[in-house]
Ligand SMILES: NC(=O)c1ccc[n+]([C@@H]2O[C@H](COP(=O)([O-])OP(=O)(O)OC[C@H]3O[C@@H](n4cnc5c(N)ncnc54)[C@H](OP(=O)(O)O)[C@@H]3O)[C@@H](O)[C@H]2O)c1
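What follows is one chain in structure tokens, specifically the form predicted on its own.
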């Protein structure tokens, strides 16, 4: 699907972008693989790792619609990964978060339509489901924009979908490198926000593979959610800091005890597939014949029961301490 195609990834110098480029170069022969981001140092460092002839590095911000439109010229597929993601920073700088996560999403949509891009997938987060912090609220707004963009296109070519998943093992700012840093520095205790806290858990390769598969599955307008395991915060501490006592510090502002990926209020248009869920659009599309219980590859899903909620605390699959250690190997 990606052979001899031009692909652009916004925010491409992040953890996801690195794994995405690594995977794509290993499996396909893209015509162009464009990294679009605003940090010249990160781009320079990434060029030292990925310098294939197809690679292109564009300096630009998703807040800049003209630059995005220029960068997407003759592009076939777009992955929108750029976002301001730190919850405390978003609470303290709300307008900056809105400019990037909401207005930036608008610009990506406008640029894709202007360039007749084939398919766009926007990366979301579990924090966008029933959000209680600004970051989650902006990502929910972004998700809604990308879903509704399919109606903006009408009979045009471009289709938009969303992929939503949980915490990525070892990504920048995540709890694993934080715990490892504390252990390395000889900390006397590991801070735990709440002993009953749970989170969804996914590796970078799993996230990238899921995104790639959904380019072939998508009709346009779906929110794709992988079936992934959960972890307990106490088990994480036992795995990565087994000889260090824990200290409860309390749940931080804007933080949940358990994360949700399929809210109960969306159960009336949520479909369960073998390895994922699909939240179909709640709005009526101009195409009346789309069956979101059957994807483009022929996989068949079934409507979940009313009130179903996919939540990290009631997930049937929890990783043990040993499985946590082996999960990212």
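Predicted, not measured: the structure shown is a model, and the values here were computed from it. Numbering follows the first chain given and starts at 1.
Absent from the display: the form predicted in complex with the ligand. The rest refers to it.
Judged against the ligand in the predicted complex with a 4.5 angstroms heavy atom cut-off, the residues 13, 85 and 168 are in contact without exception. Exactly one of the stretches 5 to 13, 303 to 311, 21 to 29, 316 to 324 approaches the ligand in the predicted complex with heavy atoms within 4.5 Å, and it is 5 to 13. This chain appears without its partner; in the predicted complex, the one residue of 107, 198, 100, 115 with a heavy atom within 4.5 Å of the ligand is 100. Of the residues 215, 210, 135, 146, just one reaches the ligand in the predicted complex with a heavy atom at 4.5 Å or closer; this is 135. In the predicted complex, the ligand sits within 4.5 Å of a heavy atom of residue 37. Not displayed here, the ligand is approached by residue 123 to within 4.5 Å at the level of heavy atoms in the predicted complex. Although the partner is absent here, residue 236 sits far enough away that none of its heavy atoms falls within 4.5 Å of the ligand in the predicted complex.
At least one heavy atom of residue 81 is located within 4.5 Å of the ligand in the predicted complex.
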